[in-house]
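Presented below, as structure tokens, is a lone chain in the form predicted on its own.
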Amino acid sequence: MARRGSYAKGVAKREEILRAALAVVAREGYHGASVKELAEEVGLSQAGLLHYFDSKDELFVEILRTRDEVDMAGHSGTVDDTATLDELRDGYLDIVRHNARVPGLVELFTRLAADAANPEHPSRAFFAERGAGLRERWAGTIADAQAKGAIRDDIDPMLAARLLQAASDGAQMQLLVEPELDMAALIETLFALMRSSDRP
């Protein structure tokens, strides 16, 4: 029983670390969020912090995973298999607008996305699973919208889902160089281009 209680405490502490780290990266940016600062935020030494993760790289990947969980919890239409096209669009745009207000997390995302090119990096599996899961759900919503005549039927649903992912991921990279970029306008335009001209 003691072992189970100890495990539960470890899981809770790890969750506390990730929530605090998410706030630090959003506030201080990628460069300001050193392991030392993250450890101080939760009252641990650097070694104590890394006790909960295999490496600094894994810690940062888990911060991104936590970001996705927080974002998606508030916008279920972006991940729900039963979401309508409008729910997908509106939830997606809300997330894009939120991301524009936290450039530190956008920088973390783009840096780890680049690191994912290395098959040995912890971010590789995260980005592969994340992308495949999002595209599968979005493609289902898009196919349903096509059946209802809301989206052009000459677009492959999986290709359309990949275009949505490419547009948002690419926009995040551009935002780091052009902070004035309106990422939401790019995504809205892509949705508009997909819409059927016969839609009421």
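One rule holds for the numbers: they count along the sequence shown, beginning at 1. These figures come from a predicted structure and were not determined experimentally.
There is another form of the same protein, the form predicted together with the DNA; it is not shown, and what comes next is about it.
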query	finding
Among 134 to 142, 150 to 158, 32 to 40, 166 to 174, the region lying within 4.5 Å of the DNA in the model of the complex by heavy atom distance	32 to 40
The DNA contact in the model of the complex: residue 50, any heavy atom under 4.5 Å	yes
Partner proximity in the model of the complex: residue 10 to the DNA, non-hydrogen atom cutoff 4.5 Å	yes
Residue 65, heavy atom within 4.5 angstroms of the DNA in the model of the complex	no
Partner proximity in the model of the complex: residue 44 to the DNA, non-hydrogen atom cutoff 4.5 Å	yes
Closer or farther in the model of the complex, the Cα atoms of residue 33 and residue 19, when the shift from this form is 3 Å or more	farther
